[in-house]
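Only one chain is shown below, in structure tokens, and it's the form predicted alone.
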């Protein structure tokens, strides 16, 4: 198990290579000694090979999300875990685009990524996963996930801290005995709050565990122009420009959905 001092952690790059570059520069300025990505490099945005090149060039320590497993193994769909027909309609569009535009070399790299990682952050044993420790595409929402269940996961997986993503919305909950659960947020699209920035988490444990959610501003208008040039859905472009989700809404629990516009 590797040991770290301060780490930057993010999920869901979703082909947003511009936000990824901005986040890595910001994390370096803030003194992060290592960056981790919790999966889902593709989907939603343009030019998937650009994102993977940046991750590899900067030695970002990545794990495999459901999207990466599907692209790497050329599966029929993204394994996103949606059940609503509209959600699945847009998921099929973004998956087909990402699969068609990811090189064979990068597909192989995605296929070989580990599904989980363990690191030590100070005295804390950190377990990194995509959706949850028990299932890659499990949605752990703040409003519907019980503290008891999160404590159960920590005990079962021998972890002081569990880091996850997949939902697209960051949150943090302290647990019993100093344990912690953190959804680190995503870099690929805004958080359905009317703001165009995206988010990553900066974690440290000089003494006690500390987590800071860091907003990342980037050239979102440039990304939107690239999305248009690649003929990606206008609904995706609208989210980048407005900060409000226009797709993948049906999966949201009622409390999280009420925060949005739609």
Partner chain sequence: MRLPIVPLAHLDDLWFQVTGTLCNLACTHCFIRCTPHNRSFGFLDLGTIRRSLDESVPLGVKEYYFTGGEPFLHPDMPAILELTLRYGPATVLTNGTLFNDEILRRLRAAEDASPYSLEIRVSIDGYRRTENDAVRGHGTFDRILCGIRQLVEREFMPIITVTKTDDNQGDADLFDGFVRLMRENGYTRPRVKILPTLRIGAEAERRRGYGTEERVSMEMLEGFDQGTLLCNHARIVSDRGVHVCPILIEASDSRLGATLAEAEQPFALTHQACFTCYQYGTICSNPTSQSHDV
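All of these numbers come straight from a predicted model, not from anything done at the bench. Residue numbers count along the first chain shown, from 1.
The same protein has a further form, the form predicted together with its partner chain, not shown here; the description that follows concerns it.
Visitor: Would you check whether its partner chain, in the predicted complex, lies within 4.5 angstroms of a non-hydrogen atom from each of 155, 173 and 251?
Guide: Yes, the whole trio is in contact, each within 4.5 Å by some heavy atom.
Visitor: Can you work out whether residue 69 and its partner chain are in contact in the predicted complex, taking contact to mean some heavy atom pair no more than 4.5 Å apart?
Guide: Because a heavy atom of residue 69 falls inside 4.5 Å of its partner chain in the predicted complex, the answer is yes.
Visitor: How about residue 160: is it within 4.5 Å of its partner chain in the predicted complex, going by heavy atoms?
Guide: The answer is no: residue 160 has no heavy atom within 4.5 Å of its partner chain.
Visitor: Can residue 101 be called a contact residue for its partner chain in the predicted complex at 4.5 Å between heavy atoms?
Guide: No, residue 101 stays farther than 4.5 Å from its partner chain in the predicted complex.
Visitor: Can you tell me if residue 143 lies within 4.5 angstroms of its partner chain in the predicted complex, counting non-hydrogen atoms only?
Guide: Result yes; residue 143 sits at the interface with its partner chain in the predicted complex.
Visitor: Could you check which residue among 106, 94, 136, 180 gets a heavy atom within 4.5 Å of its partner chain in the predicted complex?
Guide: It is 136 that has a heavy atom within 4.5 Å of the partner.
Visitor: Sort through 182-190, 106-114, 83-91, 119-127 and report the only stretch with a non-hydrogen atom within 4.5 Å of its partner chain in the predicted complex.
Guide: After filtering at 4.5 Å, what remains is 83-91.
Visitor: Going through 231-262, which residues have a heavy atom within 4.5 Å of its partner chain in the predicted complex? Please give them in sequence order.
Guide: If the 4.5 Å heavy-atom criterion is applied to its partner chain in the predicted complex, 231-262 yields 250, 251, 252, 253, 254, 255, 256, 257, 258, 260, 261, 262.
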